[in-house]
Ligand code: ADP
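Single chain ahead, written as structure tokens, the form predicted on its own.
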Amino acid sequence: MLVEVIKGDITDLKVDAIVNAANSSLLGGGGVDGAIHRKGGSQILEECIQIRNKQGGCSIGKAVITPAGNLPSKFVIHTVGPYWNGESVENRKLLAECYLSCLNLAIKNNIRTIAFPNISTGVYHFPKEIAVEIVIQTIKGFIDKEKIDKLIFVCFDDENFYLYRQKIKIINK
């Protein structure tokens, strides 16, 4: 699996799936979630409403998949990250579970290329340095699997871009 880090807008990527840092309602919000819903159009919201009607939203650490609507990707995998409320084993576990849930859902749906935002490091206030460490440890288990060809971390801000770029060098060696 090739792992890349880029700085940009995840909604512009033509990959099999992009990951949405969603809220548990799945009805859109701010940041990445709002951008995906705005650019993706009503099909994404309609699919999310159907999921809500069936299962009542999405729990922290879990993931669901919808078509990508008007986006250049094929699918959107929505995951709900934890709010940072201080250092805890539970926070770390839930953030790792977000990435694992998305990767497992990608494999289940034959997704070969996937792009992730920096889950929970925006309005959910997860410290960026801690988040990147958790993410790197979590994806290491998927590096040698032949199921996913390319994983892209899409950073919107300079700080995350720098942190991820430094850590990815270790993985790609």
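Note that the coordinates shown come from a computational prediction; the quantities given were computed from them, not determined experimentally. From 1 onward, residues are counted along the sequence shown.
Not on display, but discussed next: the form predicted together with this ligand.
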Just one of 63 to 71, 118 to 126, 49 to 57, 135 to 143 has heavy atoms within 4.5 Å of this ligand in the predicted complex; which?
118 to 126
Within 4.5 Å, heavy atoms only: does E159 come near this ligand in the predicted complex?
no
Would you classify V32 as touching this ligand in the predicted complex, given a 4.5 Å non-hydrogen atom cut-off?
yes
Please check if D9 has a heavy atom lying within 4.5 Å of any heavy atom of this ligand in the predicted complex.
yes
Looking at the partner-bound form in the predicted complex, is V154 within 4.5 Å of this ligand by any heavy atom?
yes
Contacts from 11 to 25 to this ligand in the predicted complex (any heavy atom within 4.5 Å), listed N to C, are A21
